[in-house]
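The data below hold one chain only, encoded as structure tokens and taken in the form predicted on its own.
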Amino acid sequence: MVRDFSLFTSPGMQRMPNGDPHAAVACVHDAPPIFYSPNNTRDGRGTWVITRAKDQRRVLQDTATFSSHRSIFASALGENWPMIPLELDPPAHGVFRSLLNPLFSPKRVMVLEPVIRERAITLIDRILAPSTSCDVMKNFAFPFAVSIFLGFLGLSDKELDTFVGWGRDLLHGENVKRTAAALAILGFIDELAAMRRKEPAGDFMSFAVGAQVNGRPLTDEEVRGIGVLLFVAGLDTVATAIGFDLAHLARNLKDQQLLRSEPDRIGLASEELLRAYSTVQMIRVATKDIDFDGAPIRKGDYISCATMIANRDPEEFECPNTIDLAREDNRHTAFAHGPHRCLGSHLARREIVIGLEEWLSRIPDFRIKEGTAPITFGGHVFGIENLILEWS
């Protein structure tokens, strides 16, 4: 049941021009539905790899057997505290999820929509004024997605480049850079929490330091766990999704024209693009010995539920490697599944849809600039480093 596979080192996972890590990883569906990979984490640990979407849902739903507490961030510092609520298991998870859910509800996101759209328009108009070409990741995707999230947290975007750099080093950097980024983020969150305790500002961190659970204020570690999760979550994944989406549309002009001529399709199309270009691997930790369809999982083993694998499952999706922008009944797991499903999914979806709507309505027919090639890579979080587009 052991297979030479890794989201970090297998063919197609390295940084490369015009790479397609999602197509490369889909090859695991030729293998058994569960196997052991001896090296499938950033720090070189082995994981069981669950390939079928229905089996990943079993794992993600069973929080008693598969814990979400892996200390993904804290481990970079040699510590073991959880990001909250992502790395809490029930019943504590439910307590904090109930506290935070109203801040990320569809109703709350609707209130934010005018601000999100204005930000997209401002950035695109700034690109259009002097040029017929740009690096989408540098000039649009990251400034757009990250500034929206910083605004949500009550932070200005003056240090946006610094924050994006921390996120890049934390999620994609080598160990030394990862630890340095984690320390920088931790120091920033702790300092911000201290400031908001002294002078509340009506923003998210002010809410966190003033909140109560079970009739008591949050501890410093709980405030830190919440602040770090939300800060890190907003630095990379939405921008990366927009990058992969625009790269697809630049290469597939029929799809670009379809969404340009029929913008009402963008919402449905964005779900298909989320499925086809999912970016996150979720790790669970076995809480006890268990036989999982013949696999002898032992207490403490890591279990990989990679969204980019589940969302290319031929048992779940007809022609999974075909990007069909009209695909319906799209049960993708780009935002995970079960109790730990992404808290910010409603906000992320609206950012992606609005970003595509405004880009397609303002930028003429675009393509990848001749002589350039987007650099993509695999890993714990898949990414696209650059995307140079041009139009006339």
Partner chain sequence: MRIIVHKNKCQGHARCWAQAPGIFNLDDEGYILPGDIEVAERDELLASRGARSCPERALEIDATADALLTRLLFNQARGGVK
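Numbering follows the first chain given and starts at 1. If you're wondering where the values come from, they're calculated on a predicted model, not measured in any experiment.
We do not show the form predicted in complex with the partner chain, though everything after this point is about it.
Q: Indicate whether the partner chain has at least one heavy atom within 4.5 Å of a heavy atom of residue 106 in the model of the complex.
A: So residue 106 counts as contacting the partner chain.
Q: In the model of the complex, does residue 70 come within 4.5 Å of the partner chain, counting heavy atoms only?
A: Residue-level check for residue 70: no, no contact with the partner chain.
Q: Decide whether residue 271 counts as a contact residue for the partner chain in the model of the complex under a heavy atom distance cut-off of 4.5 Å.
A: Contact with the partner chain, yes.
Q: Should residue 57 be counted as a contact of the partner chain in the model of the complex, where contact means heavy atoms within 4.5 Å?
A: Yes.
Q: Among 360-368, 39-47, 22-30, 339-347, which stretch has residues whose heavy atoms lie within 4.5 Å of the partner chain in the model of the complex?
A: Answer to the contact question: 339-347.
Q: Quick check on this chain: which one of 102, 217, 187, 200 has a heavy atom within 4.5 Å of the partner chain in the model of the complex?
A: Looking at the other structure, the residue within range turns out to be 102.
Q: Taking the partner chain in the model of the complex as the reference, which of 122, 98, 80, 257 has a non-hydrogen atom within 4.5 Å?
A: So the residue touching the partner chain in the model of the complex, by this definition, is 98.
Q: Even though the chain is shown alone, can you say which residues of 307-324 have a heavy atom within 4.5 Å of the partner chain in the model of the complex?
A: Contacts from 307-324: just 316.
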